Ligand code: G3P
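Take a look at this single chain in structure tokens; it is the form predicted on its own.
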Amino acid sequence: MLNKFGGETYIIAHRGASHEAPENTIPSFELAFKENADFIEGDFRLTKDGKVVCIHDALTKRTAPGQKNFRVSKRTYDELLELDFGLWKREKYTGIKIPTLEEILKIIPRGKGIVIELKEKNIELVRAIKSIIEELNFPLEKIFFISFHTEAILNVIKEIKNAKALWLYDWRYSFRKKKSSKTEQKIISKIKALGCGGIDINATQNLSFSFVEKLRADGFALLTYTIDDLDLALKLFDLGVDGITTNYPGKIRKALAEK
């Protein structure tokens, strides 16, 4: 959908359609596309044997509760396949396994894309992802790379030519001090210093139109997370953000379509 600047605002499904399906699993991503998401967003880590798997936490206990608690980086892919990552969410998802990046890229419809969050800062993760993208010939223009780790962002810039790498930032606001943890100008200065393509920012606090204008004037992309409130999603659309990340892609899509 075109925002007020005339650019497209993407609906990005946070860990898939995670309002209903178990996060970071194939059913969650498939449901997100059924709900007309433009992009899916997933979290990626390396296993002990070098597989790129989709899981948010370093440990498996939250999304595979009541089973062996594995540290992802210390276990092989086959060991992680022993766990059920679906039952905790709904009984109908019993038996869902942890997906690999390859499996996820193969189910993305033509014209749709993925936001890859790098949960580790090591260069081996970036190189493994690059190899998979090249092997599957997945269009690079349909990928955003994001990370809280600035080292990970720099690794993407170094290893993957023309990649869209965005700094992932949690813009915390102090109501006691009545100010944000960083000023808008400091955020923009940080992006420029990194040499990355923009920012993916926590927008549950207010963003200003002037901030969006400054980012756009400098050619930076602006994605926002995690937006489940309809009124806030509409406001962000009006501000002209490039992406709205949500656990409810269908609901947000419907709200914007009816605007």
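All residue numbers are counted from 1 along the displayed sequence. Because the structure is predicted, anything quoted here is derived from the model rather than measured.
In what follows, reference is made to the form predicted together with the ligand, a form of this protein that is not presented.
Can you pick the one in 18, 25, 245, 9 that has a heavy atom within 4.5 Å of the ligand in the predicted bound form?
Only one listed residue qualifies here, and that residue is 245.
Is there a heavy atom of residue 43 lying 4.5 Å or less from a heavy atom of the ligand in the predicted bound form?
Heavy-atom contact with the ligand at 4.5 Å: present for residue 43.
Just checking whether residue 146 would be counted as a contact of the ligand in the predicted bound form - the rule being heavy atoms within 4.5 angstroms.
Yes.
Proximity of residue 39 to the ligand in the predicted bound form, heavy atoms at 4.5 Å
Because no heavy atom of residue 39 falls inside 4.5 Å of the ligand in the predicted bound form, the answer is no.
So in the predicted bound form, is the ligand close enough to residue 160 to count as touching (4.5 Å, heavy atoms)?
Residue 160: no contact with the ligand in the predicted bound form.
Within 4.5 Å, heavy atoms only, one stretch in 133-141, 98-106, 112-120, 73-81 touches the ligand in the predicted bound form. Which?
Residues of 112-120 come within 4.5 Å of the partner.
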